[in-house]
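One chain is shown next in structure tokens, namely the form predicted alone.
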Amino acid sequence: MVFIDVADILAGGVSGGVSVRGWINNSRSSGGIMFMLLRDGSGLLQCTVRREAVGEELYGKLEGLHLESALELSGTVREDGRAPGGRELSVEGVGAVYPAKLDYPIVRKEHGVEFLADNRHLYVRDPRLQNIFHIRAKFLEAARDWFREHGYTETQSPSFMTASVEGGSTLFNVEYFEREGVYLTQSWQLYAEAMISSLGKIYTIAPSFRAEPHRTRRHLSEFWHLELEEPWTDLAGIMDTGDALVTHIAHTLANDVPEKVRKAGRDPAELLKLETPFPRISYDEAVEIVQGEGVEMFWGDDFGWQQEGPLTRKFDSPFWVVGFPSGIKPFYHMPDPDRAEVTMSGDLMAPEGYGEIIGGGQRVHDYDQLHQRVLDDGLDPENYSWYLDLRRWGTVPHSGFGLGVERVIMWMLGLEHIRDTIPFPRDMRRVFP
């Protein structure tokens, strides 16, 4: 027996007799007719069971199945404007049945956030989350397509590190056999700078870990990081890359899965409006805007969510903030040759209060300058000896950035909370289930 995906049926490419299989997402019956919503991973299909068509015994068996029971159904596909997706299956036969237990905990009523978090292993079946996860997969597919078309090579780096990339206060310590001073990675960047001399333009899509004690709607302790590094590229060049990549992903979602985007909460037309290049303002200008909104911020402060909110609401597209002070950027950022107190760095901010979605810039490529930056930051040069070696042999100007996958999806879909962008979110309060 050949089974057809629900998505193919809803797309209109299948008609006549078919077989499907999936889980009962919802079911109701009245007067000898049963309406069953079947979920198979690709979508939801209304399946109509008539007592007269399947017989009293089989009808009773199906009527007695609980939510999340799995089964195989066969029948005829037909158009019905009243059905979700405009098509339904008139059931004529039943194959294997895998009954679920009674009292599935997630029912059609309002549930609290903590209850749904405790039952996340079941809540991931919700059609709303299922839709977002499909978009997430398309997002990553679009990114990889763009990288392939532009000559980048995908590579990987370790998850265990012995040195900080983004600051020691956000490191997760790890028991690594009998060795101390081992941490979960905050970013692949240091290793990426080694790999550009091997592979040239490179990227990765991998988890990163930040021990940030934030309890906001925009932070995760484990997130997926899309990072890239380019040799012979300066700050302006890497921002051009970010503009092109983000725009390509947004347009792909709007063009390829518009109904899914709309169902998630964003009008696809808004994503299609994105055009390159994105606006660019200086850190100095950004501080003035925030202060003008009555929010406390001094020159030299980093942006928190309190500052990013009013700043990003001034724009209707993503925009870059460039030239952050040296004191709030890691040691590897290139100082501005014309203004030593700021760096050749840039953060891409999403509008509507979503805040930073990309952080990056130009790296220090001179050995002596980098060595001094390590000392100035109070770091032990021995921990970065191999990284300093990169400036001894084959150093070239180079730049890169990191894009937070969940943060960008949250903005592109207009979501209220970042936890909805990933199947099993991890934050400072939750590592279960």
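Model, not experiment: these values are computed from the prediction. From 1 onward, residues are counted along the sequence shown.
Not on display, but discussed next: the form predicted in complex with a small molecule.
Proximity to the small molecule in the predicted complex holds for all of R218, H225 and G404, with the criterion being a heavy atom within 4.5 Å. Taking the partner from the other structure, the small molecule in the predicted complex has a heavy atom within 4.5 Å of a heavy atom of I418. A residue is said to contact a partner when one of its heavy atoms sits within 4.5 Å of a partner heavy atom; E230 fails this definition for the small molecule in the predicted complex, lying far away. At a distance threshold of 4.5 angstroms between non-hydrogen atoms, E212 is in contact with the small molecule in the predicted complex. Although the partner is absent from this view, G359 contacts the small molecule in the predicted complex, with a non-hydrogen atom inside 4.5 angstroms. Heavy atoms within 4.5 Å of the small molecule in the predicted complex belong, among the stretches 134-142, 280-288, 350-358, 106-114, to residues of 350-358. Of the residues E72, E166, E88, E193, just one reaches the small molecule in the predicted complex with a heavy atom at 4.5 Å or closer; this is E166.
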